[in-house]
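There is one chain below, alone, in structure tokens, taken in the form predicted on its own.
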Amino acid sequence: MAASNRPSDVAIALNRFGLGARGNAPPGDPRAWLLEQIPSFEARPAAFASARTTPEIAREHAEDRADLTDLDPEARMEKRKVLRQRARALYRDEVGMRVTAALTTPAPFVERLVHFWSNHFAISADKPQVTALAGAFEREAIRPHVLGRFEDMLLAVERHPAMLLFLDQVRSVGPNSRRARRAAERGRRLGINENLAREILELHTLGARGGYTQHDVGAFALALSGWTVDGMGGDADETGAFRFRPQMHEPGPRTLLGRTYAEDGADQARAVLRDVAASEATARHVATKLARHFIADDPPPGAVDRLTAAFVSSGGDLPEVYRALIGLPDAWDARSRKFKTPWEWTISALRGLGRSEPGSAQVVALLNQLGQPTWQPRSPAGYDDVAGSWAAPEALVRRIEIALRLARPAGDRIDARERAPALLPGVLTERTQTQIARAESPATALALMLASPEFQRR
């Protein structure tokens, strides 16, 4: 018997909140199933057993680059090519670990939240150093704090070397700092870089309408001066770790957003971060993005209000915000179905086929083909979270082609006629069921399931 075209709560829990069903027994109580994941989430699951830390990666990178200046131009070019290839190999390994974690996690709701925050605090793996550190950034700055306080995650993110390199903070020098004055004596001009300060206020905390001005950006950038990466332009105690260099810091108090911050070295910027993390504008900005991700491209204002209130009343305690999200009737509204991004569709397809590791899926190339290479949005704003960015006709054709490729090796062990209702309970239409039943081969039936309109949404 055909199901109605209204997702059940089970389907919403599995697909909208989770990463897609695997064909196992469905959760008996969808809301309880989501809540139980919060205390059981593992920040570092077995998938990351072989992952290296940022200092380990940075030390190897620094050693590899140490002899570049001694090489002739041709040899230097060849060495740089080798270094780029090595960074890309590390990036592929990191993507593979991320996919494996998403396929095997017993807490897919929290794993989705890791992906959400990683995109909120987006870096783009375009520079070789950032390419090599992209996985470590998510593993070290996002995963340990996804169930903590927003302020702690914010501080970890902004101090992480991948963010400092991506937004050129390592080049920011206070114009009246000791280093700038010494450089001026030698005829060199060093100055402040506002990239990190601007993106923190516009994208990470207050939001574009958060009430800050260009003066606030400039003052915050001066407060942040001296935040850099150990091993960048000076002696290194721990290459690749966060380091505050007082000789690069602009001395003096800073006034921004109506408050004055005394000269306090590295803690001056930390105090600003604490205040913007606790701002109601930040709460509303975060609430809007969460509601857009979990409810609808145009989130209901009432849902945003309730999430904002949960953020404010809890002091940015993220599990309290997630509990409020699960409790929102809007989040369970069958009419508000999100179109899956390429990442979401790929992960749910692999999970639906029972895969536990990316294997021959060659997932990096696959996500490139679908238009969403991992950690590479080319913008600090991250990837869009609305259907209009992903639902173009040519993009859907690519999904069909890849669905056929993914389904081919699974056709002799999975019966799509049985798997489809398990993956899409209460969603599967009679039309799709008929197409699956009439498919010319078991693999084609699976591909039709993955490419169906029901599977494209969550």
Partner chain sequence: MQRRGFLRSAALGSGALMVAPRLVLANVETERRFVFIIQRGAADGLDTVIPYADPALATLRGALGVGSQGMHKLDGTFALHPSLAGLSGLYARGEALFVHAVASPYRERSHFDGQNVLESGGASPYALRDGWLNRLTTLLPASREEAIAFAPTIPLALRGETEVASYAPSGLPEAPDDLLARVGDLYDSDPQFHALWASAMRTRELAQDAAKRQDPATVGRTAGGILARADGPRIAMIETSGWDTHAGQKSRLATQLRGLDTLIAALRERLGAAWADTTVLVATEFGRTAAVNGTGGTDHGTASAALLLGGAVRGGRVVADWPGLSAGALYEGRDLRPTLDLDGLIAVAAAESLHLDPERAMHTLFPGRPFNPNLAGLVGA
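Only a predicted model underlies this, so the values are computations on that prediction, with no experimental measurement involved. Positions refer to the first chain, counted from 1.
In what follows, reference is made to the form predicted in complex with its partner chain, a form of this protein that is not presented.
Put simply, of R323, K79, R274, K127 only one has a heavy atom within 4.5 Å of its partner chain in the predicted complex, and it is K127. Of the residues given (N193, N119, T100, S314), N193 alone sits with a heavy atom within 4.5 Å of its partner chain in the predicted complex. Within 4.5 Å of some heavy atom of its partner chain in the predicted complex lies at least one heavy atom of P393. Contact check for Q214: a non-hydrogen atom falls within 4.5 Å of its partner chain in the predicted complex. The shortest heavy atom separation between E401 and its partner chain in the predicted complex is within 4.5 Å. L206 falls outside the set of residues with a heavy atom inside 4.5 Å of its partner chain in the predicted complex.
The partner is not drawn, yet in the predicted complex one stretch among 263-271, 324-332, 183-191, 303-311 has residues with heavy atoms inside 4.5 Å of its partner chain: 183-191. Site residues P45, N176 and R355 are none of them in contact with its partner chain in the predicted complex, judged by any heavy atom within 4.5 Å.
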